[in-house]
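Coming up, as structure tokens: structure 1 and structure 2, two forms of one and the same protein chain.
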Structure 1
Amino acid sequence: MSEDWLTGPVLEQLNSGVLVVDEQFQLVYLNSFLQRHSCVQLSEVKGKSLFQVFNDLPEAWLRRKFASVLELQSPSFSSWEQRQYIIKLPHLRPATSSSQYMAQNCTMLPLKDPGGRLYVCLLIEDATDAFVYQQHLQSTLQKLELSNRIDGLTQALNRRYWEEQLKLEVQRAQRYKQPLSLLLFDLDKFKQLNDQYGHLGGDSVLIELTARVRALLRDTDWFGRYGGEEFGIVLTNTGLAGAIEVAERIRLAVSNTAVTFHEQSIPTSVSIGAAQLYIEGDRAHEVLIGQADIALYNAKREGRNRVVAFSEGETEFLLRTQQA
């Protein structure tokens, strides 16, 4: 063929690795790409066993792949997504990629020379870019997942995610017969505070309040922003007495120290409703929220800056107001 002269230069300048072994897995050919990346000269390694020249190959796996190519005379493949690389090679993005080695897409092809001898050709394509994009995508998805759970202003959990966790914890508590309590609390006279100090003042109180509350909680508690100035805390493995204790500490942490905003001191307080889970069934978490809400309402009605626990008799009140 008149185009024969093309093959050599193209093969040598190809930006992919080309490696050929015979049926005994002895090296027959390596193109420049592979020689340069692996610092191996073809003249020095020709005729040697592939596994001696590259001694950290996944040998058993690669033997099986090559055997299937030779026996079935059909191609075999390997993707970086399942096996990051076959031959450890440096890549050409040392500064911008977090991975140390070139990610590789590999194709193993059956070859036959004019004499009928069989070979396997290993084509290695550099997939480092795809690998890097994939890593960026994953870290972005993780951040997105986090921001999907968090309330932007206060960094407490947002209502949707918090309610999901409440539901799960209620189911868990029911299954393992463990106590669970819920606190709902509300910043007292928040509207007035906003009017007096502006919305930025209100915001800074919410942020400071959240930080103080978080410092009092365990890792296993779920703290979320339920509404504008209303927050909820799921206290796992905690009975009503323990919940009231935590609530009292929160109340004091808020009322004892005023929040400083633009060199003004803003005194604040919270009203807290507490309830322990006693109900069975699918809607137990909704009932629990309702009970803590009644207790919170009573804390407000009784003069604010206090903790009130839900007591059984008030169920009737709940039913009455719902019917009304």
Structure 2
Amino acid sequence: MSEDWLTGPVLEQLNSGVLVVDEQFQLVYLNSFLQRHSCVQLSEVKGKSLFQVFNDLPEAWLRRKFASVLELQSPSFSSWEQRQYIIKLPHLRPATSSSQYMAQNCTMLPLKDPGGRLYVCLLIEDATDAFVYQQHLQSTLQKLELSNRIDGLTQALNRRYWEEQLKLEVQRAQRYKQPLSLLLFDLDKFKQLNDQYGHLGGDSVLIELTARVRALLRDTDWFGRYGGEEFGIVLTNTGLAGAIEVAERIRLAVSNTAVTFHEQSIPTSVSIGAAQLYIEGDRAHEVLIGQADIALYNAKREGRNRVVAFSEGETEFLLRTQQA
């Protein structure tokens, strides 16, 4: 059979791929674009099975698509967002894309030659520019979302996002009757440390502090920067005894090893207040913060570098103070 009806200057100069197979999925035609990008010459593969020539095709999926086009005599379309590519073709943007293959929009069209024989034409449009743009957009949005949640210096959660998670965890703990505890802690004598070693020294200590603390926490805990040198940890499904145990591990991890800054050893310690969720109501998270804050104050008043738990007996006083 002559394929003159398929050839011509338009198809050969088209900056898109054109591939034609017959009803047995044997290759009838490849235009110059596909021959150039796939390093496959039509003269060498004409009449061979498409799936032998391109043996890494999604064969089962493509057979169903082609069979549907032939049976219904209706076009079908697959975008790069549905399936990034059908034929692995290199693209010209290796420095700006995470994929080495061309992203493709593919249209499958039914064809009929002058003798009435049926074919499927696969049109392949290079969509790598759209793919790369989408990648960059998603990366930018992810960074923006991260910056809205993360403290820039310490990489702990920022206060706004951390408090949102505390509120949600309080609601979840109340709903499912699970224990929940909160730790508030800060660096002892941080102003004195800043005065002695400068703000860069203080920043170095905060960064090292958060790294040590994060290593002691579970993935389900929420660790955030509550203030300048003050931090909070929401301990999910944890009672007060467990919270005190975690707090003591944190205290020892911070106080046992000095922070090195410009070849100077900076001794550090933290005071930690612990509280467990006991009350119900919309303001329960605020009360819990207040309880942990009182415990932290008591830890500092009692000499620093220690863990103090909030006593249930102080709850009534705290509520009266907040309502005043």
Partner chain sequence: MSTAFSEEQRDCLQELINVAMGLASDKLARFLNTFVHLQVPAIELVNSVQIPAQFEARYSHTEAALISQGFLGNDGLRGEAIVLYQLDNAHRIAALLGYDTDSASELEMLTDISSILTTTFLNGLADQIDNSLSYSAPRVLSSRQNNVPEALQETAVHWELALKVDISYQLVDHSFNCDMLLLIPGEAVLNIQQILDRILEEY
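Numbering for residues begins at 1 and runs along the sequence of structure 1. Each form is matched to the other, and the largest set of C-alpha atoms that superpose within 1.5 Å is called the rigid core. Remember, it's a predicted structure, so these values are computed and weren't measured experimentally.
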property: Form predicted on its own - which displayed structure it is; result: 2
property: Threshold 2 Å Cα movement between the two structures at L217, rigid core reference; result: no
property: Core-aligned C-alpha movement of G47 between the two structures reaching 2 Å; result: yes
property: E23 C-alpha moves between the two structures by 2 Å or more, core aligned; result: yes
property: Per-residue CA shift, L137 (Å; core superposed between the two structures); result: 2.4
